[in-house]
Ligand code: RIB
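First, one chain by itself in C-alpha cells, the form predicted alone.
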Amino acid sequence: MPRKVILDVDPGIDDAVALAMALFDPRLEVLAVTASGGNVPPEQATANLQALVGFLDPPRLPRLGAAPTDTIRPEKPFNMHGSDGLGGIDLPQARLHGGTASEKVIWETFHAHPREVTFLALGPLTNLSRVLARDPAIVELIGEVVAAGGTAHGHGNATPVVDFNFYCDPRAARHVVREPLAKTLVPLETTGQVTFGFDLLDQLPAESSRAGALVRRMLPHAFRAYRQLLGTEGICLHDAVALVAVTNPELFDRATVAADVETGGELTAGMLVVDRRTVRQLRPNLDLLTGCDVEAVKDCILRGVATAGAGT
C-alpha cells in the first residue's frame, strides 16, 4: 500500500523538486500539500504551491492548504531562490481547489486517517505547531513526523549555528521537538552531504515533459546562486534528500537522541541542542539522521525526477 503523506512546504526551488518527485512516486499517496512562509512570504508560498501543482498536473490532486499570514517572518540572511522563490521562472498562476488554511487541512487529514499519515515538513514547523496548539490530543492521531531541520553539530546556514527552517520559527520547532510523538529530523549536515555538480543538468528529464520543463528552468538559477552567494560550484537539494529519508530510510544512519531547541538566545535562537552527556537530564525524544549513503540518495533523487518527467 502506498504510504500516506502530507507535504508541508515553503516553496523554494528544492521544495519544488521534492514536490514533483512526491506527486509522481507510486510508493506515496500525497493526501495534502500545505504551504507556510519561509523561503518566500506566506502569500507567495501559497501562490507558488498552487502554480506548481497546477503546472505539474499530477494524476491525483492532493488537498492544498494556504499559508498563515499572521506569522512573524525574520529577515532572511540571503536569498537563494530568486524573487519568486522558484528561480524567477514566472510559472503561470493557477487557482486550484484550496484556499483553506493549512492547519485546517492538516487537522482534517489526520482525523480522516488516524495514525496512518506521515507529516513531511520541508519548511518551518509553523503549521504543525499551530495544529498541535489548537488540538493537543491530535498527537495520538499522527503516524510520524519527518522534518528537514536542525543541525547535528551546530553548523548552520541562516546563522553560524542555526539552519534556515528552525531560524524562521524557533518556537514552533521547540514545540514540535518537545511533543510526545514519533519524529525524525534530517539535519542540515546530512542533507548537505548530497551535492550535485553541473552534470545534473544533463541528467534531467526532457523539457517536453512538465516536470522536465520545471526543473530545467529552475536549477540553473540554483547553480548561479550557490556560486555567487556561497562560492561553491555544486548545489544541495536539501528537501529532496528529506523526501528520500521517507521513501528509502534504509539509506540513512540513525541515532536516537535527547534534544531541545533554543528560543531565547540572541545568537542561537532556533539552534537544535542535543544532550550528549553521559548522564543526561533530557530523555531521548527523537531520531536524528546522522549520515547517508550519498551516491544511493543521489540516485534516488535522479530516478524520482525521471519518474516525475515520465508522468507528465
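Please read all numbers here as calculations on a predicted model, not as lab measurements. So that there is no doubt, residue numbering starts at 1 and follows the sequence shown.
One more form of this protein should be noted, the form predicted together with alpha-D-ribofuranose (RIB), which is absent from this view; the next part is about it.
Tell me, please, which stretch of 194-202, 237-245, 127-135, 112-120 lies within 4.5 angstroms of alpha-D-ribofuranose (RIB) in the predicted complex when heavy atoms are compared?
-> Selected range: 237-245.
At 4.5 angstroms, heavy atoms only, are 24, 56 and 209 all close to alpha-D-ribofuranose (RIB) in the predicted complex?
-> No residue of the spot touches alpha-D-ribofuranose (RIB) in the predicted complex.
Using heavy atoms only and a 4.5 Å cut-off, determine which of 176, 188, 86, 222 is in contact with alpha-D-ribofuranose (RIB) in the predicted complex.
-> Of the candidates 176, 188, 86, 222, 188 is the one lying within 4.5 Å of alpha-D-ribofuranose (RIB) in the predicted complex.
Touches alpha-D-ribofuranose (RIB) in the predicted complex: residue 165 (any heavy atom, 4.5 Å) | It does: once alpha-D-ribofuranose (RIB) is placed as it appears in the predicted complex, residue 165 has a heavy atom within 4.5 Å of it.
Within a 4.5 Å heavy atom cut-off, is residue 39 in contact with alpha-D-ribofuranose (RIB) in the predicted complex?
-> Looking in the predicted complex, residue contacts with alpha-D-ribofuranose (RIB) include residue 39, since a heavy atom lies within 4.5 Å.
Mark residue 159 yes when one of its heavy atoms lies within 4.5 Å of a heavy atom of alpha-D-ribofuranose (RIB) in the predicted complex, and no otherwise.
-> Residue 159 lies outside the contact set for alpha-D-ribofuranose (RIB).
Residues within 4.5 Å of alpha-D-ribofuranose (RIB) in the predicted complex, restricted to 1-22 and counted by heavy atom = Heavy-atom contacts to alpha-D-ribofuranose (RIB) in the predicted complex: 10, 14, 15.
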